[in-house]
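Quick heads-up: it's one chain on its own, the form predicted on its own, in structure tokens.
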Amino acid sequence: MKRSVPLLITAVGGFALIVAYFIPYTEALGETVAVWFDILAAIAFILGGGNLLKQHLKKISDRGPGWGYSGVVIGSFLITLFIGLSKVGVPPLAEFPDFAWSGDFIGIGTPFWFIYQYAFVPLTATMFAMLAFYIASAAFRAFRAKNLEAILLLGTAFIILLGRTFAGVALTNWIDPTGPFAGLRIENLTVYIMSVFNTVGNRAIMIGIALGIVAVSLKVLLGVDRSYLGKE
């Protein structure tokens, strides 16, 4: 029962959403299943938060490597959770001045908004800024002119990088922007590559991803793939 019931629920819910998408008369059924999904997602958030506390508290208790960072994670999680649930510092709505919780807890100026805007956003920007160096390092190792394909990739990447810099644009300033060779200006080449070749590649990748999603979804709905039930 521990395996059959989850498989049955997954199959019924998945196929109900598929049928509701293609058959208008079953849209109400699809909306009901979507509500069930929201309820299960809310429960999953609770389980996820509990698992986060469990893992990091164990790491702190064992004094494992980097246990101090686990303390920061738990402290940030609990503070943000408390401020969001209790609506600390949230002004009430004008329609309900006697109810302090009636305001928008993510409104501009609220403590929750302050944490998101001045803690989460800068940390995210810092992380992606650091990733840029890793991407540049990986690109340097990958872009080696070993064959024709690698040469084309290297040349295209070089043009795109030049087109995003002031120095690169200055190299082709001597070309008349209104003349017949205006397309050879580095900024115009960059736009053309991004709007034509890059778009074609993205569409091909998205089509492949869509086919993969369909295949994996059918395996899950038919019970062929049971990895989400665990190893045992």
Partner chain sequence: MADFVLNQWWLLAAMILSLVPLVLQFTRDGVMPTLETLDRRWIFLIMFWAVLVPIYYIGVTGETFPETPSALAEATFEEIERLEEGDRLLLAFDFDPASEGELGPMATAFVKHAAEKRLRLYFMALWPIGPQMIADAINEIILVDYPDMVYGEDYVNLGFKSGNEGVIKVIVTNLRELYTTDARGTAIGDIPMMEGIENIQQMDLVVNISAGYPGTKEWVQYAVTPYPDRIRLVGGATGVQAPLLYPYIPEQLPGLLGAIKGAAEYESLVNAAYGGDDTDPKYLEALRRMGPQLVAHLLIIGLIIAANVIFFLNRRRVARS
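Positions refer to the first chain, counted from 1. None of these values were measured; they are calculated from a predicted model.
Form predicted in complex with the partner chain: not shown, discussed below.
- Under a 4.5 angstroms non-hydrogen atom cutoff, the partner chain in the predicted bound form lacks R63 among its neighbouring residues.
- Contact check for M194: a non-hydrogen atom falls within 4.5 Å of the partner chain in the predicted bound form.
- Using a 4.5 angstroms threshold between heavy atoms, N198 counts as touching the partner chain in the predicted bound form.
- Along 103-134, these residues reach a heavy atom to within 4.5 Å of the partner chain in the predicted bound form: A132, F133, Y134.
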